[in-house]
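Let's start with one chain on its own, the form predicted on its own, as structure tokens.
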């Protein structure tokens, strides 16, 4: 009889004991049992591939969209009914490359992307270096918080903030007028767009450079200085070469984001310094010429892709941390 009670009491005791666990533990246990039924242990080696599925789906959707845009770009607009002709032609690409307006917009976009990339990297590297190497935790936290604050403000809001600062009745012109000088035209021009883009891209540059600088051991710099190298020589010959992954990665991101930017040229440029993204918008929604807009879109995608390919061909994919031994 006692044996029977022992056999019966054991599961009852286990159930009673399990009921004493927190509810969230029991929920997690139940979820784990369901996951084991859906994805058994024999499939564990393929878990990484499963996690790639959402990203692959997004890439697949993007490719499908590019295929449709590429198809639209090969159809000329019929001005009699404002519909795309069924016949294929390269008229839209011919217009994009032969029109002085689109050539100017294209060159302006490329030049601004290069200029913003150089200025942003020049400003971001010291910021990232100081943020990583600062001895006091309070200093590092202050720099990190100051870096993240702009991310809580949208690009449109930041652009309008520059309008308030640089406008004819803005803060800067009020200060200039206080000293008796005439107001300056600080907005709706190319420098204003560059300024807004640099301020927008700076956090991206710092965040991409910080991990590369963190990976550089402080002992390496100390060893260089102990061997008689001045801090400037240490920075040029030690820190910059070792920070190459961050420099390449941040340059690629800043260039492509600037090349495809729409808001800053639209708001701070006031329609006088359009980038190629603004021309794409005008092609689709102002001119109702989806074929021309699609052709400009394909040119933009080609330019961005070509830049990335050239940079990685020169710098090598090893700058992103992919070594031959890992392949």
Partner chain sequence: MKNISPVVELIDVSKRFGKITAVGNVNFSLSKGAVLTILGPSGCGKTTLLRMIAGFESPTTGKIRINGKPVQAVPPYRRSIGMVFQNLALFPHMTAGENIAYPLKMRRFPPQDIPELVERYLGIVRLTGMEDRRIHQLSGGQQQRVAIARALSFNPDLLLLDEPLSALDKKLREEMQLEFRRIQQKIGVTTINVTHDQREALVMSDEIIVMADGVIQQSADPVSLYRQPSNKFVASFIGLTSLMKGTVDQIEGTTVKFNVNTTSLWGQTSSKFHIGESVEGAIRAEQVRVHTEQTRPVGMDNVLDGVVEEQIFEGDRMVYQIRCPALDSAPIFVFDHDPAHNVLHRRGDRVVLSWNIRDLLVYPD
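Given the structure is predicted, the values throughout are model-derived calculations rather than measurements. Numbering follows the first chain given and starts at 1.
Keep in mind that the form predicted in complex with the partner chain is not shown, yet the notes after this line are about it.
Asks: Between the options 175, 227, 138, 107, which residue brings a heavy atom to within 4.5 Å of the partner chain in the model of the complex?
Replies: Exactly one residue meets the criterion: 227.
Asks: Let me know the one among 184, 134, 119, 238 whose heavy atoms come within 4.5 Å of the partner chain in the model of the complex, would you?
Replies: Exactly one listed residue reaches within 4.5 Å, namely 238.
Asks: Quick one: find which of 176-184, 88-96, 212-220, 108-116 has residues within 4.5 Å of the partner chain in the model of the complex by heavy atom distance.
Replies: Among the candidates, contact is made by 212-220.
Asks: Can you check whether residue 234 is within 4.5 Å of the partner chain in the model of the complex, heavy atom basis?
Replies: Contact with the partner chain, yes.
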